[in-house]
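First, one chain by itself: the form predicted alone, in C-alpha coordinates.
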(Lines give C-alpha, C1' and ligand atoms only; values in the text may rest on other atoms or scores of the structure.)
Protein backbone atom coordinates (compact mmCIF):
# COMPACT_ATOMS: atom_id res chain seq x y z
CA UNK A 1 0.00 0.00 0.00
CA UNK A 2 1.29 3.47 -0.85
CA UNK A 3 1.80 5.59 2.25
CA UNK A 4 0.41 9.09 1.90
CA UNK A 5 2.57 12.02 2.88
CA UNK A 6 0.93 14.64 5.13
CA UNK A 7 0.38 16.96 2.14
CA UNK A 8 -1.91 14.43 0.45
CA UNK A 9 -3.75 13.58 3.64
CA UNK A 10 -4.90 17.21 3.57
CA UNK A 11 -6.61 16.76 0.17
CA UNK A 12 -10.37 17.19 0.84
CA UNK A 13 -12.47 14.03 1.04
CA UNK A 14 -14.65 15.29 -1.84
CA UNK A 15 -14.01 17.88 -4.52
CA UNK A 16 -17.48 19.45 -4.34
CA UNK A 17 -20.62 18.95 -2.23
CA UNK A 18 -22.17 15.64 -3.27
CA UNK A 19 -25.71 15.54 -4.65
CA UNK A 20 -28.40 13.61 -2.81
CA UNK A 21 -28.86 10.00 -3.81
CA UNK A 22 -31.72 7.61 -2.98
CA UNK A 23 -31.02 5.80 0.29
CA UNK A 24 -32.85 3.23 2.41
CA UNK A 25 -34.07 4.15 5.87
CA UNK A 26 -31.49 1.91 7.49
CA UNK A 27 -28.00 0.81 6.49
CA UNK A 28 -28.06 -2.71 4.96
CA UNK A 29 -24.67 -3.33 6.56
CA UNK A 30 -25.38 -2.56 10.21
CA UNK A 31 -29.09 -1.76 10.36
CA UNK A 32 -28.56 1.70 11.87
CA UNK A 33 -30.85 4.55 10.80
CA UNK A 34 -29.22 6.88 8.29
CA UNK A 35 -28.64 10.62 8.56
CA UNK A 36 -28.58 11.64 4.89
CA UNK A 37 -26.70 14.91 5.35
CA UNK A 38 -24.07 13.33 7.55
CA UNK A 39 -23.69 10.43 5.15
CA UNK A 40 -23.15 12.79 2.19
CA UNK A 41 -20.34 14.45 4.15
CA UNK A 42 -18.68 11.03 4.38
CA UNK A 43 -19.03 10.30 0.64
CA UNK A 44 -21.92 7.93 1.32
CA UNK A 45 -19.92 5.52 3.47
CA UNK A 46 -21.57 4.32 6.68
CA UNK A 47 -19.67 4.12 9.98
CA UNK A 48 -19.81 0.34 9.60
CA UNK A 49 -17.94 0.58 6.30
CA UNK A 50 -20.86 -0.10 3.96
CA UNK A 51 -20.36 1.78 0.68
CA UNK A 52 -23.55 3.05 -0.92
CA UNK A 53 -23.71 3.18 -4.71
CA UNK A 54 -22.90 6.62 -6.11
CA UNK A 55 -24.28 7.89 -9.41
CA UNK A 56 -22.29 9.49 -12.20
CA UNK A 57 -22.85 13.08 -11.08
CA UNK A 58 -21.88 12.15 -7.52
CA UNK A 59 -18.60 10.62 -8.70
CA UNK A 60 -17.83 13.72 -10.75
CA UNK A 61 -18.46 15.93 -7.70
CA UNK A 62 -16.35 13.56 -5.63
CA UNK A 63 -13.35 13.67 -7.98
CA UNK A 64 -13.32 17.18 -9.42
CA UNK A 65 -12.02 20.21 -7.54
CA UNK A 66 -14.76 22.79 -7.09
CA UNK A 67 -15.97 24.29 -10.42
CA UNK A 68 -13.27 22.52 -12.43
CA UNK A 69 -15.33 19.91 -14.34
CA UNK A 70 -15.67 20.43 -18.10
CA UNK A 71 -17.72 17.73 -19.80
CA UNK A 72 -16.87 16.61 -23.33
CA UNK A 73 -18.90 14.94 -26.07
CA UNK A 74 -22.20 14.93 -24.16
CA UNK A 75 -23.87 15.68 -27.49
CA UNK A 76 -22.98 12.22 -28.85
CA UNK A 77 -26.17 10.25 -28.18
CA UNK A 78 -27.17 6.58 -28.60
CA UNK A 79 -29.46 5.34 -31.39
CA UNK A 80 -31.31 2.08 -31.99
CA UNK A 81 -29.27 0.99 -35.02
CA UNK A 82 -30.43 -2.64 -34.87
CA UNK A 83 -34.13 -1.96 -34.21
CA UNK A 84 -33.86 -4.08 -31.07
CA UNK A 85 -37.29 -5.17 -29.76
CA UNK A 86 -36.84 -7.54 -26.77
CA UNK A 87 -37.53 -7.53 -23.88
CA UNK A 88 -38.80 -4.11 -24.96
CA UNK A 89 -37.86 -1.69 -27.75
CA UNK A 90 -34.40 -0.23 -27.18
CA UNK A 91 -35.59 3.13 -28.55
CA UNK A 92 -38.16 3.32 -25.74
CA UNK A 93 -35.48 2.54 -23.17
CA UNK A 94 -33.31 5.36 -24.51
CA UNK A 95 -36.21 7.82 -24.56
CA UNK A 96 -37.18 6.98 -20.99
CA UNK A 97 -33.64 7.45 -19.70
CA UNK A 98 -33.28 10.73 -21.57
CA UNK A 99 -36.50 11.95 -19.93
CA UNK A 100 -34.83 11.22 -16.59
CA UNK A 101 -31.86 13.46 -17.45
CA UNK A 102 -29.44 10.77 -18.60
CA UNK A 103 -27.93 10.42 -22.06
CA UNK A 104 -25.44 7.53 -21.79
CA UNK A 105 -23.67 5.12 -19.45
CA UNK A 106 -20.38 7.07 -19.56
CA UNK A 107 -19.59 10.72 -18.98
CA UNK A 108 -16.14 12.00 -19.80
CA UNK A 109 -14.33 15.30 -19.41
CA UNK A 110 -11.52 17.20 -17.77
CA UNK A 111 -11.13 18.53 -14.25
CA UNK A 112 -8.57 19.24 -11.59
CA UNK A 113 -7.86 16.84 -8.75
CA UNK A 114 -5.90 18.28 -5.86
CA UNK A 115 -4.97 21.14 -8.17
CA UNK A 116 -3.59 18.97 -10.98
CA UNK A 117 -5.32 18.50 -14.37
CA UNK A 118 -6.78 15.08 -15.18
CA UNK A 119 -9.04 13.48 -17.74
CA UNK A 120 -11.84 11.36 -16.27
CA UNK A 121 -14.35 8.81 -17.50
CA UNK A 122 -17.22 7.95 -15.14
CA UNK A 123 -19.74 5.14 -15.62
CA UNK A 124 -23.35 5.54 -14.46
CA UNK A 125 -25.05 2.23 -13.71
CA UNK A 126 -28.52 3.77 -14.11
CA UNK A 127 -28.14 3.87 -17.90
CA UNK A 128 -28.86 0.30 -19.06
CA UNK A 129 -26.73 -1.15 -16.27
CA UNK A 130 -23.71 1.00 -17.12
CA UNK A 131 -23.22 -1.07 -20.24
CA UNK A 132 -20.49 -0.38 -22.79
CA UNK A 133 -22.12 0.90 -25.98
CA UNK A 134 -21.05 2.56 -29.23
CA UNK A 135 -21.41 6.02 -27.68
CA UNK A 136 -19.79 5.03 -24.37
CA UNK A 137 -16.87 3.48 -26.26
CA UNK A 138 -16.50 6.55 -28.46
CA UNK A 139 -16.46 8.93 -25.50
CA UNK A 140 -13.93 6.78 -23.66
CA UNK A 141 -11.66 6.34 -26.68
CA UNK A 142 -11.68 10.07 -27.49
CA UNK A 143 -10.89 10.96 -23.88
CA UNK A 144 -8.06 8.45 -23.63
CA UNK A 145 -6.55 9.65 -26.92
CA UNK A 146 -6.83 13.29 -25.81
CA UNK A 147 -5.14 12.43 -22.51
CA UNK A 148 -2.30 10.72 -24.40
CA UNK A 149 -1.91 13.71 -26.74
CA UNK A 150 -2.00 16.26 -23.91
CA UNK A 151 0.04 14.06 -21.56
CA UNK A 152 -2.58 14.43 -18.84
CA UNK A 153 -3.35 11.53 -16.44
CA UNK A 154 -6.61 9.63 -16.95
CA UNK A 155 -8.89 8.33 -14.18
CA UNK A 156 -11.66 5.81 -14.84
CA UNK A 157 -14.51 5.06 -12.43
CA UNK A 158 -16.17 1.81 -13.52
CA UNK A 159 -19.64 0.51 -12.64
CA UNK A 160 -20.90 -1.73 -15.41
CA UNK A 161 -22.68 -4.91 -16.35
CA UNK A 162 -20.58 -5.36 -19.50
CA UNK A 163 -21.29 -4.77 -23.19
CA UNK A 164 -24.78 -3.62 -24.22
CA UNK A 165 -26.72 -6.49 -25.76
CA UNK A 166 -29.13 -4.12 -27.56
CA UNK A 167 -26.24 -3.00 -29.79
CA UNK A 168 -24.97 -6.52 -30.50
CA UNK A 169 -21.51 -6.98 -31.98
CA UNK A 170 -21.21 -3.21 -32.39
CA UNK A 171 -21.02 -2.93 -28.60
CA UNK A 172 -18.52 -5.79 -28.34
CA UNK A 173 -16.25 -4.00 -30.81
CA UNK A 174 -15.93 -1.13 -28.35
CA UNK A 175 -13.77 -3.33 -26.13
CA UNK A 176 -11.10 -3.54 -28.85
CA UNK A 177 -11.40 0.16 -29.69
CA UNK A 178 -11.09 1.33 -26.10
CA UNK A 179 -8.29 -1.13 -25.32
CA UNK A 180 -6.35 0.22 -28.30
CA UNK A 181 -6.79 3.75 -26.91
CA UNK A 182 -5.55 2.57 -23.50
CA UNK A 183 -2.55 1.04 -25.28
CA UNK A 184 -1.75 4.39 -26.89
CA UNK A 185 -2.01 6.04 -23.48
CA UNK A 186 0.45 3.51 -22.03
CA UNK A 187 2.77 3.90 -25.03
CA UNK A 188 2.83 7.66 -24.44
CA UNK A 189 3.87 7.07 -20.83
CA UNK A 190 0.75 8.82 -19.48
CA UNK A 191 -0.62 7.55 -16.13
CA UNK A 192 -3.92 5.67 -16.13
CA UNK A 193 -5.76 4.85 -12.90
CA UNK A 194 -8.83 2.63 -12.72
CA UNK A 195 -11.33 2.66 -9.85
CA UNK A 196 -13.57 -0.41 -9.77
CA UNK A 197 -16.87 0.04 -7.93
CA UNK A 198 -19.77 -2.32 -7.33
CA UNK A 199 -20.43 -3.92 -9.76
CA UNK A 200 -17.80 -4.10 -12.51
CA UNK A 201 -18.53 -7.03 -14.82
CA UNK A 202 -18.48 -8.37 -18.36
CA UNK A 203 -16.73 -6.64 -21.22
CA UNK A 204 -15.90 -3.61 -19.08
CA UNK A 205 -14.01 -5.75 -16.55
CA UNK A 206 -12.48 -7.72 -19.43
CA UNK A 207 -11.15 -4.57 -21.07
CA UNK A 208 -10.30 -1.10 -19.83
CA UNK A 209 -11.33 -1.49 -16.16
CA UNK A 210 -8.42 -3.81 -15.34
CA UNK A 211 -5.75 -2.19 -17.54
CA UNK A 212 -4.77 0.68 -15.24
CA UNK A 213 -1.24 1.40 -14.10
CA UNK A 214 -2.92 1.07 -10.71
CA UNK A 215 -6.27 -0.71 -10.32
CA UNK A 216 -8.09 0.35 -7.15
CA UNK A 217 -11.26 -1.36 -5.91
CA UNK A 218 -13.76 -0.16 -3.35
CA UNK A 219 -14.43 -2.47 -0.37
CA UNK A 220 -17.24 -4.88 -1.10
CA UNK A 221 -17.19 -4.28 -4.85
CA UNK A 222 -18.11 -7.29 -6.98
CA UNK A 223 -15.71 -7.71 -9.89
CA UNK A 224 -15.73 -10.40 -12.54
CA UNK A 225 -16.81 -11.43 -16.01
CA UNK A 226 -20.20 -13.05 -15.50
CA UNK A 227 -22.40 -14.31 -12.70
CA UNK A 228 -21.57 -17.43 -10.67
CA UNK A 229 -24.56 -19.39 -12.00
CA UNK A 230 -23.44 -18.96 -15.61
CA UNK A 231 -19.84 -19.86 -14.76
CA UNK A 232 -20.92 -22.98 -12.90
CA UNK A 233 -23.08 -24.08 -15.83
CA UNK A 234 -20.12 -23.63 -18.20
CA UNK A 235 -17.36 -25.17 -16.04
CA UNK A 236 -19.26 -27.56 -13.74
CA UNK A 237 -16.91 -26.34 -11.00
CA UNK A 238 -17.75 -25.40 -7.44
CA UNK A 239 -16.73 -21.79 -6.96
CA UNK A 240 -15.57 -20.09 -3.75
CA UNK A 241 -18.35 -18.04 -2.17
CA UNK A 242 -16.29 -14.85 -2.31
CA UNK A 243 -14.61 -15.37 -5.68
CA UNK A 244 -15.91 -12.13 -7.20
CA UNK A 245 -15.22 -9.82 -4.27
CA UNK A 246 -12.65 -7.03 -4.23
CA UNK A 247 -10.62 -8.81 -1.53
CA UNK A 248 -10.53 -12.04 -3.54
CA UNK A 249 -9.32 -10.13 -6.61
CA UNK A 250 -6.68 -8.35 -4.51
CA UNK A 251 -5.33 -11.62 -3.13
CA UNK A 252 -4.91 -12.94 -6.68
CA UNK A 253 -3.38 -9.86 -8.24
CA UNK A 254 -6.33 -8.68 -10.33
CA UNK A 255 -6.44 -5.37 -8.44
CA UNK A 256 -3.61 -3.55 -6.71
CA UNK A 257 -5.46 -1.99 -3.78
CA UNK A 258 -8.76 -2.09 -1.95
CA UNK A 259 -9.31 1.43 -0.65
CA UNK A 260 -12.24 2.89 1.31
CA UNK A 261 -13.92 5.79 -0.48
CA UNK A 262 -13.07 8.03 2.46
CA UNK A 263 -9.37 7.58 1.56
CA UNK A 264 -9.72 7.37 -2.21
CA UNK A 265 -9.48 11.00 -3.30
CA UNK A 266 -6.25 11.77 -1.38
CA UNK A 267 -4.79 8.51 -2.75
CA UNK A 268 -5.67 9.41 -6.35
CA UNK A 269 -4.18 12.88 -5.91
CA UNK A 270 -1.03 11.25 -4.60
CA UNK A 271 -0.89 8.76 -7.48
CA UNK A 272 -1.42 11.49 -10.08
CA UNK A 273 1.45 13.48 -8.60
CA UNK A 274 3.69 10.42 -8.11
CA UNK A 275 3.27 9.09 -11.64
CA UNK A 276 3.50 12.52 -13.25
CA UNK A 277 6.95 13.38 -11.89
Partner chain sequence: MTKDDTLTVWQVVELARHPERPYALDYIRRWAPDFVELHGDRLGADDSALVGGVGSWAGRTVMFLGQQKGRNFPERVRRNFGMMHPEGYRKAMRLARQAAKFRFPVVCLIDTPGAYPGAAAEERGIAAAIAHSIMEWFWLPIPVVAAVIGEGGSGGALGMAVGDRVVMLENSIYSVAMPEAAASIVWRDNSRKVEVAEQLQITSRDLLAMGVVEEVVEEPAGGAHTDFDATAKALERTILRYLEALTRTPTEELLQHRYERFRYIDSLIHADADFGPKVGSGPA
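We call the rigid core whatever largest set of C-alpha positions still superposes within 1.5 Å between the two forms. Numbering follows the first chain given and starts at 1. On a predicted model such as this, the values are computed, not experimentally measured, just so you know.
The form predicted together with its partner chain is left out here; the points below concern that form.
**Student:** I'd like to check something about residue 248: if you look in the model of the complex, is any of its heavy atoms closer than or equal to 4.5 Å to a heavy atom of its partner chain?
**Tutor:** Residue 248 belongs to the contact set for its partner chain.
**Student:** Evaluate residue 112 for contact with its partner chain in the model of the complex, applying a 4.5 angstroms cut-off between non-hydrogen atoms, and reply yes or no.
**Tutor:** The answer is no: residue 112 has no heavy atom within 4.5 Å of its partner chain.
**Student:** Given that its partner chain is not shown alongside this chain, does residue 254 nevertheless sit within 4.5 Å of it in the model of the complex, heavy atom to heavy atom?
**Tutor:** Looking in the model of the complex, residue contacts with its partner chain include residue 254, since a heavy atom lies within 4.5 Å.
**Student:** Can you check whether residue 194 is within 4.5 Å of its partner chain in the model of the complex, heavy atom basis?
**Tutor:** Although its partner chain is absent here, residue 194 would stay clear of it in the model of the complex, with no heavy atoms inside 4.5 Å.
**Student:** Looking at 46 to 54, 27 to 35, 221 to 229, 62 to 70, which one sits within 4.5 Å of its partner chain in the model of the complex if you count heavy atoms only?
**Tutor:** Contact-bearing stretch, as computed: 221 to 229.
**Student:** Please pick, from 159, 105, 163, 147, the one residue with any non-hydrogen atom lying within 4.5 angstroms of its partner chain in the model of the complex.
**Tutor:** Flagged contact: 163.
**Student:** Looking at its partner chain in the model of the complex, do all three of 151, 258 and 270 come within 4.5 Å of it through at least one heavy atom?
**Tutor:** Per the other structure, none of 151, 258 and 270 touch its partner chain.
**Student:** Of 183 to 202, which residues get within 4.5 Å of its partner chain in the model of the complex if you count heavy atoms?
**Tutor:** Result: 183, 184, 186, 187.
**Student:** Is there a C-alpha shift of 2 Å or more at residue 241 between the shown form and the other one once the rigid core is superposed?
**Tutor:** Where the cores coincide, residue 241 still shows a C-alpha shift between the shown form and the other one that is 2 Å or more.
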